[in-house]
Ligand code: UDP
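In the form predicted alone, a lone chain appears below as structure tokens.
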């Protein structure tokens, strides 16, 4: 249910599981203001939405029930909501279709726009996420960067005003729930590698899946835990591709169960941007199964390595053994991020016309 159809200060838009997770602590603090949190329904199955709201003790005020990733459909739903509650500010996060739809809706309705997680770049224009984030950054009135590197990317693109380095909101969420005793949430010992895979170039490409199997066989001395997405499982079955015996598949898991696995693992193999961040925050080395990443800081600090399945002849066993010996002692994503973010939003509400350059 919607809190009120009266004018509000802030409208926050989310539509996917990662956004629900990353925004969960921030929206609780924004509720001290006249704030409406709208969920678009881009991810609408229960295991992609409800379980994460429940585990994170978070909830949206309204579900727009778009049940699609179509940007135009989501945009017009958001425009309709804006016409009812007339927010002074809209917040969007990251690079999803829901975020781009929100940014376009804000522009069309002349609503001031905050983009959280601004300035990330993979420099791969084949990725829809890369195209989305560049468009959102160009539409945003205020840009909240997770790191100084992402701020520098914006500076080179000519975006210099109202840019803030706040840190990454996932730090507060990840560290809060990682402090819980999560060991009982799975029965695995701590001698395993955690694998996550969801990108189309990996799971919808038969050749990539076949190479994945070859690489996993090459590390047969390592146990691999693989929470497998139904689409990936179906693609393996349809193409009669069998995972090796050292790989244990489990059903997709909620956020707390995932953190319990992440806390125990020795090494992460992933193609997810968010999982790269969470691994580094919890001190786990990572191999990213892509040829680019928008989390370059983790590469520069040696905690992450790129290994594209279709474009790499480098010995996988050597890469895995090297990364298993990496000690991750720090992360580049800031501290007290929610507190810093809320304070800047409060100042924007009080002084919306002030332009500030290169704020840290």
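Treat the numbers as computed from the prediction; the structure is a model and nothing was measured. Residue numbers count along the first chain shown, from 1.
The form predicted together with uridine-5'-diphosphate (UDP) exists for this protein as well; it is not shown, and the discussion that follows is about that form.
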| property | result |
| --- | --- |
| Residues 198, 252 and 273 all lining uridine-5'-diphosphate (UDP) in the model of the complex, heavy atom within 4.5 Å | yes |
| Option from 105-113, 226-234, 213-221, 183-191 whose residues, in the model of the complex, bring a heavy atom within 4.5 Å of uridine-5'-diphosphate (UDP) | 226-234 |
| uridine-5'-diphosphate (UDP): the contacting residue among 153, 164, 258, 177 in the model of the complex [heavy atom, 4.5 Å] | 258 |
| Listed residue that, although uridine-5'-diphosphate (UDP) is not shown, lies within 4.5 Å of it in the model of the complex (heavy atoms), from 11, 337, 21, 345 | 21 |
| Residue contact check: residue 278 to uridine-5'-diphosphate (UDP) in the model of the complex, 4.5 Å heavy atom | yes |
| 4.5 angstroms heavy atom contact with uridine-5'-diphosphate (UDP) in the model of the complex for residue 316 | no |
| Residue contact check: residue 52 to uridine-5'-diphosphate (UDP) in the model of the complex, 4.5 Å heavy atom | yes |
